[in-house]
Each structure stands twice: as C-alpha cells, then as structure tokens.
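Read the single chain below, which is given as structure tokens and is the form predicted on its own.
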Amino acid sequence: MNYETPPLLRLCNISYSHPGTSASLLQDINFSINREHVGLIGPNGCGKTTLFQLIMGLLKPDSGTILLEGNAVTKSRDIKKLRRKLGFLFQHSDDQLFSPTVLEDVAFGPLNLGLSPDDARDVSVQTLEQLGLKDFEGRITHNLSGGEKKLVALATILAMKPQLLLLDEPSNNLDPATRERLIEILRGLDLAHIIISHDLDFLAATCTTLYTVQDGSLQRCEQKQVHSHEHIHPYGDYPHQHGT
C-alpha cells in the first residue's frame, strides 16, 4: 500500500472571529505547506498576522483543525511540539528581544530546548556568524540599529533549528543593505517559509508561490506569478510598493 507523507503543516477549515464580534475575520481557511517558499499579501486588517497567531497557538480558532505532520494540534503538549518546529519572526523586533545582550537573547531558545549552557553558546555563536553578526555576542541589544535587531531576532529563531519560518513584514523599515542581506539569508536557508509582506519585490526575491487574504478567504494567486522587475527611476534601489 502507498501512504503519502503528510505535509509539515496543514490548516483544515480554519475560521476565526475577534472576541465580541459576529463577523468572521477568517473563514474556512485551507492551506498546507511542506518545503515551499510562500508569500502572503492582502490589505491591512485582513487577518494575515492573525493567521500566524492561530498557527502558533497564540489564538484559538472558532472552528477547524491545525495538523502538524498529520497530527491534530489540540492540546498544550501539541502546541509545544509545534512551536519547536516553527519559528515566528514578529513584525517589530523589540517585541521579540528582551535580554540585555545579544548572546543572551539568541541562547534563550536553545537553553529552553534543553541544551547545556556551553552547547547553547556554541549554537548561538554559529548562528550569529551565519547571519553576518560575528562578534555581536556581547553587544547590548537595546543599542543595536533597527536592521541589526531584525537580524538578531531572526538568529533567536534559527538557533532553535525550526523546519518552517513565519515572517511578518520582515523587510519593513530596513535600510537597503540589510534588506538585501536578509534576502540573501532567506534564499540560502534550506527551510520552508511563509512571508507576510507588502514589499512585492522582496517577495519576488524570496518566494515562489503567492497567496492573498481578502474578505476572510485565502486564495492562491494563479494568474499573477511572483516576479521581480527592473527599475529605471532614481529610487529603484530603495524598498517601495507597486500597485497590484
């Protein structure tokens, strides 16, 4: 008999309404991902970040099921297992960084996974070097630039060896050099990811499949493929938005 390997993550008929409201923000969401690089677009307030919060167990859906490797995520131990396999990069890095030094921030996750202090330090240093942050261990997190904080926040996730990254507006407010560095990093990782972004050029450089969230539904964009384009205007090197 042939048994298909279930996808890493599957959402089955997920619906959600904000507490105290009757209208559904998200309605009957069906989606699965295994090794893909997915971009997620949609107007502000449509539920993109809420979808990430539902996936991570930070919110509970009104109905539907989240499956991790074919197993329903229903209990606290299931959510704990899911969070070991998924990494969530917040839109605002200051919401993710809370330790005095960079090393303490990056080592926090590995320590919670049961690594010894020496092993946690080793994996943290290696992760920082991988992201171009060599010798950042002793830096004061609060004093870092916005771009440096974004990369350190990513390091805190990668140090825990996730299988899927959820990235919420990762290119927002980055200088051009850091934005390009982040693109390079994501393209070099052998990891599935879902990226929420209004920066279509960033998605073109990092994703192969595009979905849109609108009017409560999640739809794959079949007609318009993710692609990059050449600039001829004087601000082409800077992040900007184009009409869809």
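Quick caveat, the model's predicted, so the values are computed rather than measured. In this text, residue numbers run from 1 along the sequence as written.
Quick note: we don't show the form predicted together with a small molecule, though the next part is all about it.
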Considering the small molecule in the model of the complex, which of Gln27, Thr178, Thr209, Thr50 comes within 4.5 Å of it through any heavy atom? Thr50
Would you classify Glu169 as touching the small molecule in the model of the complex, given a 4.5 Å non-hydrogen atom cut-off? yes
Look up in the model of the complex whether Pro43 has a non-hydrogen atom within 4.5 angstroms of the small molecule, and give yes or no. yes
Tell me, yes or no, whether His198 is in contact with the small molecule in the model of the complex, where a contact means a heavy atom of each within 4.5 Å. yes
Counting only non-hydrogen atoms and a 4.5 angstroms cut-off, does His18 reach the small molecule in the model of the complex? yes
